[in-house]
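A single chain comes next, written as structure tokens; it is the form predicted on its own.
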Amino acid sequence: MMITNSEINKSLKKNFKGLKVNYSFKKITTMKIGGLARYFLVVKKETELVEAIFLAQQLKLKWYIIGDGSNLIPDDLGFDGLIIKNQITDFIVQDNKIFIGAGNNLLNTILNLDKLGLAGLEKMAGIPGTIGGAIYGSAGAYGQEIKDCLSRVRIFDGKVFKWLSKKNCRFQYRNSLFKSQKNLIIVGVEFICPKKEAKELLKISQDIIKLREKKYQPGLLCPGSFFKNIVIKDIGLEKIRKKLLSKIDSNKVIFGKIPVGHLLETVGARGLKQGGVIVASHHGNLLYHEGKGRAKDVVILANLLKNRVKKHFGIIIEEEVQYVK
């Protein structure tokens, strides 16, 4: 028997007082783009998360978990289901072992750890998003990775809560188990961090934030880096690897990776525009929203850039962002 929209509305509103209907993605993504989420709900506890998922399943309603919306490109037609914002913000410290809820903002978490004299994440200051999003995307910057001090990840697999070891999370460059098995929901993480001087850690984070602000100006409507950098060892075919390396300056290779921004700038990406979406004039891997653009503009511009890089360098670049529809 088919469940009517009226019955879905009534059931969701009865169970979740904070439910919002036809909620604009422009309010919940850093790029401020996309259509409407049919339903939007913020959850702050594990029990609320489970209840929301189970009810969506009972109502045959598709659902999607988000954090701060920093890496999302929602469709212009919106999302005909339930968007669940994970805002589980537990923060428990036991000596140098820390449990952090997945909904915690990454920058705030890093600064808090800095002040406690707990090292390992300080160089990632300024990366947008939440702890859960950073784990999902295997975030990193300046030679430091979110997985470096990670002990284990707490997840909900659709039935029960469990812990996954770092090894079982299958971290790779900007990739993890969670990207291929989207039924595994990150609810918290445990870090074991070495101790260092708080003042030293704060200085490192603050210096890096200043560096990042030169590239990502405060208030810019962007998702951070749009495409993944190229990991040389991950290029399967030797002829493709040789072709790529023959066309770039070896000095551009950093930590075994080629900055994709360099490839994009070589093919004339800077300043390209599609509708209200633009490639920054100062960086080829920075796509931002001018204010009146559409998700469709993002997709068209991204495909144009990918085609240019493939034609010139013989390699396909991949997005860091996630498309939602």
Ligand SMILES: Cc1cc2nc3c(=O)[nH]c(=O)nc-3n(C[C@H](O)[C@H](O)[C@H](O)COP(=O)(O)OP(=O)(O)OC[C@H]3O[C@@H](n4cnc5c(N)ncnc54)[C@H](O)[C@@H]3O)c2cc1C
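Only a predicted model underlies this, so the values are computations on that prediction, with no experimental measurement involved. Numbering starts at 1 and follows the sequence shown.
This protein has a second form, the form predicted together with this ligand, left out of what is shown; the following refers to that one.
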property	result
Partner-contacting position among 115, 159, 182, 242 - heavy atom within 4.5 Å of this ligand in the predicted complex	182
In the predicted complex, the residue from 152, 170, 252, 174 that sits within 4.5 Å of this ligand by heavy atoms	174
Partner proximity in the predicted complex: residue 320 to this ligand, non-hydrogen atom cutoff 4.5 Å	yes
This ligand contact at residue 82 in the predicted complex, heavy atom, 4.5 Å	no
Non-hydrogen atom contact residue 229 with this ligand in the predicted complex at 4.5 angstroms	no
Partner proximity in the predicted complex: residue 212 to this ligand, non-hydrogen atom cutoff 4.5 Å	yes
Contact test, all of 265, 269 and 301, partner this ligand in the predicted complex, heavy atom 4.5 Å	no
Options 234-242, 107-115, 69-77, 161-169; stretch whose heavy atom lies within 4.5 Å of this ligand in the predicted complex	69-77
Residues of stretch 194-208 in contact with this ligand in the predicted complex (4.5 Å, non-hydrogen atom)	none
